[in-house]
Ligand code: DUC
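Here you get one chain, nothing else, as structure tokens; it is the form predicted alone.
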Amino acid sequence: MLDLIVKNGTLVTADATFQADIGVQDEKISVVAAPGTLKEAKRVVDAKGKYVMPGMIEPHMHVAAPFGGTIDVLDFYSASKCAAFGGVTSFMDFSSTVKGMSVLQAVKDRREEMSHAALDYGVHAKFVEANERVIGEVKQLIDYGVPTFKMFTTYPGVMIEDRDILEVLKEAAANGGLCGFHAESNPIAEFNRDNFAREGKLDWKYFPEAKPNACEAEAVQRILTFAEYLDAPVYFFHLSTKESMKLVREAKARGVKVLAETCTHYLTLTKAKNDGPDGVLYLMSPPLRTKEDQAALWGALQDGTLSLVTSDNEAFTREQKESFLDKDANGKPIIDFRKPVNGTPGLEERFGLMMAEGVNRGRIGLNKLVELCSTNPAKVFGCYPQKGCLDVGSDADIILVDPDKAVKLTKENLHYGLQYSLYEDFEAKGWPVMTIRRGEVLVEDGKFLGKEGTGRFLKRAISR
């Protein structure tokens, strides 16, 4: 007898849409059969009128991560809840590596922290230097199941020098690893930061101007040059500009091994949000851009220049963001875009935003949504076909989506416990009503049923 049958649904994968029933046994999809042919199971879920999709994968988030002297509001169990309500069944975070530290040990520490999750989880290794010990750990990390690395081209303290980037790129390419980058030009950012301060231009609205499109494009071009020179694969996190789209598209055409993502906030919000008293809530790096940039991102998703859409989730209360501001004589915060922590929520909203602004507006189809948010994350980050599809033998990570269910993305409907939502004006028609991880129901009837510590570490390997 099967453990679970999901019947009468419309299966939506990255490649096809069709009617079928799914049978689950021992946490795996054991059969995909014609409608009505599967009869007996310990539990039968009727998905009539629903889309049945592979669970979403969130490969880019920051949870329980120190940033500028504070820590975001979620831990890995509460993040599991937010994620599961948004149709996510697996997620990945980054090691908290600092200089002088073993990267492998930092990864193991992060794995232990993530073990409290109710979702399956992976770790990306952050590199901040490339001494002999660190380079010696590259192959060890890949053998450990962590083949994906991240480096920053900005932020002193975590920023890695160009010479060291080349060393890590070379060693990763030789051993089957993939290096990803937070690509912003530190010289441009620091130059503008200091000049804007001298000119008294510190209102929230100046933050996007302090990190203009050229700030991202310069770093993207530099990393592409390194990748092309070494014939090494590279990945870009959270690209936001039309210039970066042109650079990546042209590099792909030359045969450079480059993959890239954007985030839901760049697809749905513009820098106009930084202008006003609530501008502090919209501080993220890279910053929000223009409608022209936004159109370029959607075009890049459609033509394959961009392969993923992620959330880059890092949720802070307004009080946390404003706590770094100086106060005037009356105790009122003095606006200064240089001081608050950067980061915005998005883990729970990603599916809904892609429905609202992508599928429902005709920019992408349902199959493309699955490709961008489930299948490609699994392929790029090394856990396909275990994750990211509805194939026999894959983990039974399944979401049921009600195409008629409309949800407003208000703070009351989200589960962060924040007193604001960046997406109050957005309504998603089409929403996950059941989330299943390895055959176990995590969300049903608006309730979270996941148990702390039931997630499993994803040992990943990059396929060439």
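Sequential numbering from 1, following the sequence displayed. Values in this document were obtained by computation on a predicted structure and should not be read as measured data.
As for the form predicted in complex with the ligand, it is not shown, yet the points below apply to it.
J.: Scan G382, P208, G343, P233 and let me know which has any heavy atom within 4.5 Å of the ligand in the model of the complex.
T.: The option sitting close enough to the partner is G343.
J.: Identify, from the list N367, S115, Q386, S285, the residue with a heavy atom within 4.5 Å of the ligand in the model of the complex.
T.: Result of the distance check: S285.
J.: Would you check, heavy atoms only and a 4.5 Å threshold, whether F85 touches the ligand in the model of the complex?
T.: No - in the model of the complex, heavy atoms of F85 and the ligand never come within 4.5 Å of each other.
J.: Could you tell me if E314 has a non-hydrogen atom within 4.5 Å of the ligand in the model of the complex?
T.: Yes, E314 is a contact residue.
J.: Should F67 be counted as a contact of the ligand in the model of the complex, where contact means heavy atoms within 4.5 Å?
T.: Within the cut-off, so yes.
J.: With the cut-off set at 4.5 Å between non-hydrogen atoms, does Y155 touch the ligand in the model of the complex?
T.: Yes, contact at 4.5 Å.
J.: Heavy atoms, 4.5 Å, the ligand in the model of the complex: which of 298 to 306, 277 to 285, 373 to 381, 116 to 124 makes the cut? Say which one.
T.: Heavy-atom contact with the partner occurs in 277 to 285.
J.: Going by heavy atoms, what in 182 to 199 lies within 4.5 angstroms of the ligand in the model of the complex?
T.: The stretch 182 to 199, when checked against the ligand in the model of the complex, contributes only H182 at the 4.5 Å heavy-atom cut-off.
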